[in-house]
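The chain that follows stands alone, in the form predicted alone, written as structure tokens.
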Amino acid sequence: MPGISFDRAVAYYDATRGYPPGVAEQLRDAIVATLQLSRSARLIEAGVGTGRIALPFIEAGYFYVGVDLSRRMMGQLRRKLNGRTHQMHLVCGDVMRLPVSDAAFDAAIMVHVLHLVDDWRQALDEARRVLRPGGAVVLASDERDGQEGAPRTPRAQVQQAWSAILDELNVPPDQRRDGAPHGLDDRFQEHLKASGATVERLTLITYRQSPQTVRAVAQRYQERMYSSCWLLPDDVHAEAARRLQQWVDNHPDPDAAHEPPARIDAMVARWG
């Protein structure tokens, strides 16, 4: 299997995963500065989705290829451009077998995609294959839980409660994708270094998240908006959602809005 298609998430993806205004542009500028990209650079993103990362690059005139399993997600990106002239090419395909030539790009970007594929090592090898000499793979990850010692964010609180509920229900790892590496897992760095890359870890940007509440985040789990819920059998999800509602009802302040600090970290791999 090539991975998980996000066709079912098109209607709500941007509302639940989008950045506050200006953050995506800051991220683009940080990537450009880190990689010292020229305006003629050719970029590819594995798992482009609705263009959360891609759109600022495309609007700035970069040559950009996006690959995704979901035609519907990429269709949303096309609608955002509303017929404007660009150097974007969207390809429906598997990131473990990128449908592009060898040594064609200056940078390959991957954000929150490796935990969704069957073989993340193969996906990383493919990203390297399509790079020109001197090119770079950029793995980026949102780090959402603020500074150590700070109050836990609504998202983190709900995640912890949801995980505990699944433990109570004896949900096996394959229905929770617990074994899939998330974020900037050390295994990614080990694999990249074993292939001969030098790997740099850094923080690209810091920002404030959009306001969120415990109740609103819990509702996303209850409505199966997150891919971590999609493999659960319907009866198991229904019971987990019921128990999560009980947890929300007993929460001391489920409707308090927070704008927690966040940052976007990166793992940048270069060869040669």
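Predicted model, so just to flag it, every value in this text is computed and none were measured. Residue indices: 1-based, along the sequence shown.
Just so it is clear, the following notes concern the form predicted together with a small molecule, a form of the same protein that is not shown.
Note to self: So the small molecule isn't shown here. In the predicted bound form, which residue out of 138, 113, 171, 197 has a non-hydrogen atom within 4.5 Å of it?
What the structure shows: By the 4.5 Å criterion, the partner-contacting residue is 113.
Checklist line | the small molecule contact in the predicted bound form: residue 126, any heavy atom under 4.5 Å | finding: No, residue 126 sits far enough from the small molecule in the predicted bound form that none of its heavy atoms falls within 4.5 Å.
Note to self: If we define contact as a non-hydrogen atom of the residue within 4.5 angstroms of the partner, is residue 228 a contact of the small molecule in the predicted bound form?
What the structure shows: No.
Checklist line | 4.5 Å heavy atom contact, residue 69 to the small molecule in the predicted bound form | finding: Looking in the predicted bound form, residue contacts with the small molecule include residue 69, since a heavy atom lies within 4.5 Å.
Item checked: Proximity of residue 47 to the small molecule in the predicted bound form, heavy atoms at 4.5 Å -> Yes, residue 47 is a contact residue.
Checklist line | Heavy atom of each of 120, 184 and 266 within 4.5 Å of the small molecule in the predicted bound form | finding: Checking in the predicted bound form: none of 120, 184 and 266 is within 4.5 Å of the small molecule.
Check: So which of 158-166, 187-195, 129-137, 93-101 is the stretch with heavy atoms within 4.5 Å of the small molecule in the predicted bound form?
Finding: Of the options given, it is 93-101.
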